[in-house]
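Okay, here we've got a single chain as structure tokens, the form predicted on its own, with questions on binding and movement later.
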């Protein structure tokens, strides 16, 4: 895994924006969190700011030509307001702390949300503009103001199966007058694991063991005493069996499975999908994993170079999806 991440990071170095290459390592984020300092920030006048500066120049020419003290005073007033606006724009980003939070699940070719924890510090931050640096595909920035620690939620662009680098994050501000624009580019040294896109036309979920040479009904197994899987709540379940934490994360109640409960066993086998290409097989297996997990069926997964015994639970589901995501990669 480490060698794969290192090779991906070297290959992506050549694709970074010119500002990242010129600014060097000071714009790279270590550990998933950073606090913006002066070395992170850049500031330039906007088109409105250039118009504003031109107006001041014209006023100074008029005041000099006609020796008009009132026009001089007005030009100097506008100049001082512009300088103060430049300071305020830069200060709106200075000291802001940003941390990205690991998303739960990302599937290929589907947009997902990436959450950023914002810590404004001692002063509120106004009209922050968040967007992904995607050359050739300009995005509408997400505007966020934060007076207290807050979460910013950004939609990630669709990604391919496997390990994907987090896109370069552009953070900008035109507050308060819009005549200056302060910005920074942040590149997180982390990769997102993207699962295969679940097939929309997958065959029915297999209900018999694969690769055993006989066509029997779905097997049934007994759950070990230390099994920590969940099942939908059924009327009559005692309160001590209700999984309150898991239930609080959704809209339905779940109960813990007890020793001696039996359940159907399903094998999800790569060989059952002969005649299909690799990505189609992975897509169908991903759909089967999600369906078996939803129906609370104990399922095992068989790939050409890897297999896992039937089980249930969030950890088992993620283990299977991870293998599907990294299939064919150097692990």
Partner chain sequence: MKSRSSASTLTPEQRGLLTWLLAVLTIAAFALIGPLPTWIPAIAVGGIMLRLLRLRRNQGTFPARLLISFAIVGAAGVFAQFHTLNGREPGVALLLFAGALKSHETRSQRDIIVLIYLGYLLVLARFLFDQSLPWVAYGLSLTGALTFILHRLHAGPNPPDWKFLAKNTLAQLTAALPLTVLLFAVFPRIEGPLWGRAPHNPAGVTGLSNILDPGRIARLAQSQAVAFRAHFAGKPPPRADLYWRAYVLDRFNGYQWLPSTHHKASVGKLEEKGRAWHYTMLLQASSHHAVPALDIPIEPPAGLRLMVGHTLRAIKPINQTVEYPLTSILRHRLDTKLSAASREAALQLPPGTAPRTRTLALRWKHSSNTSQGVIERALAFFHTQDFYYTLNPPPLHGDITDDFLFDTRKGYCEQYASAFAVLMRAAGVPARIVVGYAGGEWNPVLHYFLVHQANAHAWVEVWLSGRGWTRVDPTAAIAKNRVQPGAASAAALMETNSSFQFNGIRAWLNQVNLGWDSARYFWELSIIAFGPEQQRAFLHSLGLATGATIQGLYIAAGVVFLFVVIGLVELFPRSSSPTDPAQRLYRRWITDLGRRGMSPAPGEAPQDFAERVANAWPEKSEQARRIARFYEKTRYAQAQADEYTRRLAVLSKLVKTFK
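By rigid core we mean the largest C-alpha set that fits within 1.5 Å across both forms. Residue numbers count along the first chain shown, from 1. Note that the coordinates shown come from a computational prediction; the quantities given were computed from them, not determined experimentally.
Keep in mind that the form predicted together with its partner chain is not shown, yet the notes after this line are about it.
A.B. asks: Heavy atom within 4.5 Å of its partner chain in the predicted complex: which of 55, 33, 44, 271?
C.D. replies: By the 4.5 Å criterion, the partner-contacting residue is 55.
A.B. asks: Please identify the residue among 151, 101, 97, 77 with any heavy atom within 4.5 Å of its partner chain in the predicted complex.
C.D. replies: Looking at 151, 101, 97, 77 one by one, just 77 meets the 4.5 Å heavy-atom criterion.
A.B. asks: Could you tell me which stretch in 159-167, 186-194, 103-111, 117-125 has residues with non-hydrogen atoms within 4.5 Å of its partner chain in the predicted complex?
C.D. replies: Contact criterion met by 117-125 only.
A.B. asks: Spell out, yes or no, whether the shortest heavy atom distance between residue 290 and its partner chain in the predicted complex is within 4.5 Å.
C.D. replies: Residue-level check for residue 290: no, no contact with its partner chain.
A.B. asks: Using heavy atoms and a 4.5 Å limit, would one call residue 131 a contact residue for its partner chain in the predicted complex?
C.D. replies: No, residue 131 is distant from the partner.
A.B. asks: Answer yes if any heavy atom of residue 203 is within 4.5 Å of a heavy atom of its partner chain in the predicted complex; otherwise answer no.
C.D. replies: Answer no; every heavy atom of residue 203 is more than 4.5 Å from its partner chain in the predicted complex.
A.B. asks: Looking at the partner-bound form in the predicted complex, is residue 29 within 4.5 Å of its partner chain by any heavy atom?
C.D. replies: No - in the predicted complex, heavy atoms of residue 29 and its partner chain never come within 4.5 Å of each other.
A.B. asks: If we check its partner chain in the predicted complex, which of the residues in 61-92 reach within 4.5 angstroms of it by a non-hydrogen atom?
C.D. replies: Stretch hits, in order: 61, 62, 64, 65, 66, 67, 68, 69, 70, 71, 72, 73, 74, 76, 77, 78, 80, 81, 83, 84, 86, 87, 88, 91.
A.B. asks: Any chance the CA of residue 59 moves 2 angstroms or more between the shown form and the other one, core superposed?
C.D. replies: The answer is yes; the displacement is at least 2 Å.
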